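One chain comes next, on its own, written as structure tokens: the form predicted alone.
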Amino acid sequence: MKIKGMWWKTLGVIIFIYVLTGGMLVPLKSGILHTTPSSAKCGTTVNIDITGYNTHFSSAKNIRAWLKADSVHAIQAVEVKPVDEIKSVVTFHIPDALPTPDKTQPLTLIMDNELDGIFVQPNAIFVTMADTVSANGALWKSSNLNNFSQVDQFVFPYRNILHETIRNIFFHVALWFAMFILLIAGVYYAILYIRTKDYIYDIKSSSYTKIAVLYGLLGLATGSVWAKFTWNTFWTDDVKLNMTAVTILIYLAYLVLRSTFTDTDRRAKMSSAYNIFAFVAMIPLLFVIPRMADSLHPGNGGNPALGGEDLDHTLRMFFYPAVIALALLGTWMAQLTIRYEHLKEKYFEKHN
């Protein structure tokens, strides 16, 4: 019977080890860290110094580069000079006029070689119309932009700004997903207690909720570290962050509420009712209000999350197992808490 009861706990540990190992060892795809200069004028020749990430400029034999204005207009580099594996100088002849009526237009840098495949940097350089324009737009054309090198690699996507911190998705985001699962279990047992008045349901409800709050605090901590790297601040006046903080405070108040009652029945009634209130309040705080305003945080204010730009098939191989592992481990911790509460109740009954 012990073996049958342990299988899911063992599975949670194995999956978590898989996530830790693979999530940390799988390399990132090639990308561009930064480029200089950041601006140029039409009708000039510009040499762009490129610093890549996980690139093989020196080893590659066929390096190509383009500056792309839109889905139709692009110019190909006239020369690519590798300096070393991660640095290269790319030369472009900027046409005399922009392909659009805009006076200034951001151009996307696209690079491609047989070892790294294709990688891009949006808004790599801003091109401004010169004072004297000859209205020559003939050089803006599609330059084999559909004929890129195909490289078979098992890598995580390289995302500008995120870089290596994209791995935090296995912890920060997975913690929130697992927290929601545990909170659902907590409110479910709170409803059962109100319906049956069976004290065991109150113990289960509080145990699952306590572990969920722990996950929420860890989610805030990992999110703050992530924000420091990407936004250069641990916290910002962002609607998503503020509503999340309010939600965690509501659930921390739940823990305080339980500690204020000495009467078992009254504590169970009040905390079960409050647990339901907290769960209902969480829905608009986390899923409605943030979507009604602009937000830096993905998933809110028109900023998508967990789409193809953030979560590709390789990341999904570790993200969803991370959610499952954390949910299983959280359930295990909740069950240990339930057993502890049982033993504590028996101890007080025996000595009182």
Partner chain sequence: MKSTANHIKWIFSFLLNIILLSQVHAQGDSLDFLRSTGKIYTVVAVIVIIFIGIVMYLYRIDNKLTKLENQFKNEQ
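Because the structure is predicted, anything quoted here is derived from the model rather than measured. Residue numbers count along the first chain shown, from 1.
One more form of this protein should be noted, the form predicted together with its partner chain, which is absent from this view; the next part is about it.
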{"item": "Listed residue that, although its partner chain is not shown, lies within 4.5 Å of it in the predicted complex (heavy atoms), from Asn242, Gln76, Thr128, Thr222", "value": "Thr222"}
{"item": "Candidate from Gln153, Thr165, Thr108, Thr91 lying within 4.5 Å of its partner chain in the predicted complex - any heavy atom", "value": "Thr165"}
{"item": "Its partner chain in the predicted complex reached by all of Phe171, Lys210 and Lys344, non-hydrogen atom within 4.5 Å", "value": "yes"}
{"item": "Proximity of Ile161 to its partner chain in the predicted complex, heavy atoms at 4.5 Å", "value": "yes"}
{"item": "Val246: touches its partner chain in the predicted complex, heavy atom cutoff 4.5 angstroms", "value": "no"}
{"item": "Met333: touches its partner chain in the predicted complex, heavy atom cutoff 4.5 angstroms", "value": "yes"}
{"item": "Residue contact check: Leu192 to its partner chain in the predicted complex, 4.5 Å heavy atom", "value": "no"}
{"item": "Per-stretch contact check against its partner chain in the predicted complex, the hit in 81-89, 97-105, 262-270, 228-236 (non-hydrogen atom, 4.5 angstroms)", "value": "228-236"}
{"item": "Contact set, 33-64 vs its partner chain in the predicted complex - heavy atom within 4.5 angstroms", "value": "Tyr53"}
